[in-house]
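There is one chain below, alone, in structure tokens, taken in the form predicted on its own.
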């Protein structure tokens, strides 16, 4: 049996130039796994806590040396000798060591980097690709091994693009009937078409945090219109080959029980905001709508789910935060039909898998997502395939930290075919 022999951690930079943790776990059979933890920009209130040093002399206070010290001095002595393939035991030991609801003592970034590295090392020891290894922890009844349909955020807004729009992500979504490699090819064409569309409209083609273009938009509706124009400039059929989706990240423009967006002169009540979504949905036929309302506007969420779910997937991210308690509240209130899964929102691999299981049993669509502050680690691609996610959201098909995930999916696509 392969047991944990050594754990080493170091401070590295993520795609935004901020420090994060890279951890290597080595087993007594010589196999090892290395994993690095992503960071969010638009962070929900109910997420697990990323531990930072707050020393302004080092990386403007964003250093993670304290979290690394927690790995070396607290976590490592407690997990040395544990069987690496017993992910539940390793993750449970770290959860108990931390002892807080939100992992604020040791840091979710410390715990998750170890948790992912253990999984990668155990997969190598088991002579399995990571996605097949992780499937051992998933209830497989009614699921098939597949590549999730990708959600490509090719126009960035909100906190991902300096506040150029209120809504955070404007996505193109290939038809789920398309093979993954075909979807990727199509979206690269659409990305290029959007660049040309922006240039023709004398708009900037500079990019945001997730690789999407980040023009200054007069209204949020204009972002959807630009995407539709870009699609219509290609051979792909709008509403047949490719669809549109939005991540509004509405908590960011919700203050004192009112929503404020560029499209309307007046502040909007929750009911007014829902009416606006109904308005744009009639025009653009959105397939996907994430965080349309603020993370504590439960009444609004229940209303919008009742109003739009026949045509549109209503997805919780900040609302649910990959948290079992928030998920149960959303199910009780019939607030969502899909859920974002981000392992760093909860802090361990095994807890993220458990939230997926509850969501699937409830009939929700599963969307596995990266963060804006990513690294070149491609673990999340394997995780998405392992849980038979319906969708995967890794940003635009550009920039190394995004492309690493998409290239890994290409590799997995071939591996799945070889399995027959």
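Numbering follows the first chain given and starts at 1. If you're wondering where the values come from, they're calculated on a predicted model, not measured in any experiment.
Separately, the form predicted together with ligand PGA exists; it is not shown, and the next lines address it.
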Could you spot which one of 366, 65, 43, 354 gets a heavy atom to within 4.5 Å of ligand PGA in the model of the complex? 43
Proximity to ligand PGA in the model of the complex (heavy atom, within 4.5 Å), stretch among 161-169, 262-270, 193-201, 119-127: 161-169
When the contact criterion is heavy atoms within 4.5 Å, does residue 342 count as touching ligand PGA in the model of the complex? yes
Quick one: does residue 91 come within 4.5 Å of ligand PGA in the model of the complex, counting heavy atoms only? no
Hey, in the model of the complex, does residue 247 get a heavy atom within 4.5 angstroms of ligand PGA? yes
Just to confirm, residue 36 within 4.5 Å of ligand PGA in the model of the complex by heavy atoms? no
Which residues, if any, of 275-305 lie within 4.5 Å of ligand PGA in the model of the complex when only heavy atoms count? 290
